[in-house]
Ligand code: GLN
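Given as structure tokens, the chain that follows is alone and in the form predicted alone.
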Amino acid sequence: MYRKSFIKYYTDNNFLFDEAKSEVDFIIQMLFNFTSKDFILGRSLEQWQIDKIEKIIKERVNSRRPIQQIIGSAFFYGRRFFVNEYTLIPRPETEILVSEVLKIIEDINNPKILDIGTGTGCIPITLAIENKNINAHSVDISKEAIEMAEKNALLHNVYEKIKFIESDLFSKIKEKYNVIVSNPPYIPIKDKDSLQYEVKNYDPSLALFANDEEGIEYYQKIITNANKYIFDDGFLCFEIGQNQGKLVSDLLKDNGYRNIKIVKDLNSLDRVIVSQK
């Protein structure tokens, strides 16, 4: 019964039913380690737990702050990651990028990875969990994001595999890598007002927005400088916005990259681009 009343509170405040149900279940999973089996069997909650959920839901409804930020955690690749206002909340689309990199490094002995714009650290941490042989460096311009990424690396017992560096792109990088991977800011700043309220008001602007008309500012900066940091035959991989496949592909071609592949998401939109030096 408690789930139904929580969901009704959401829908009474102009949330769609599917979003309401998803968020209620997410809260219960995160706070009290519920599993799908627990929901099916109707596992009960104590009154103090119900009171805590009610307080969180009221804050969510009244402020429209993302539920992940309120709780301080999000799921990525089936695992929990700490988040805060300085880090982009991990999205399912970014899991596609991780999956593509895992395919690339499967046949590379002790692959060296550079992750640019790490945020929560979800990309290098997941790579390090899934492939025990990697050695990664991970950069972000935000000191607060680096601190959160380090916290997540400790949580998942891969801290020794990843060196986190406060750096503006390549400014503090001196080595070469088998793979450079990035989910850079790619939303044109002119599109800010059209975004979902939660995104434009609560996600960190540093992680979202590019200052050019097409949103390719950071792809251009990374692609034009990456060549000296990638081993011969190494790979450069990005998450991209839905209208950026050709633009980023052309940038890669113009800078000598080959074997360019665009991967679509579940909505058949361009989402990831993979290329080789």
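From a predicted model like this one, the values you see are computed outputs, not experimental measurements. All residue numbers are counted from 1 along the displayed sequence.
The same protein has a further form, the form predicted together with the named molecule, not shown here; the description that follows concerns it.
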Pro111: touches the named molecule in the model of the complex, heavy atom cutoff 4.5 angstroms: no
Contact test in the model of the complex: Ile134 vs the named molecule, heavy atoms, 4.5 Å: no
Any non-hydrogen atom of Val101 within 4.5 angstroms of the named molecule in the model of the complex: no
The named molecule contact in the model of the complex: Asn152, any heavy atom under 4.5 Å: no
Segment assignment from 189-197, 169-177, 126-134, 111-119: heavy atom within 4.5 Å of the named molecule in the model of the complex: 111-119
Proximity to the named molecule in the model of the complex, single hit among Met148, Ile162, Leu88, Ala74 (heavy atom within 4.5 Å): Leu88
Residues within 4.5 Å of the named molecule in the model of the complex, restricted to 172-194 and counted by heavy atom: Asn183, Pro184, Pro185
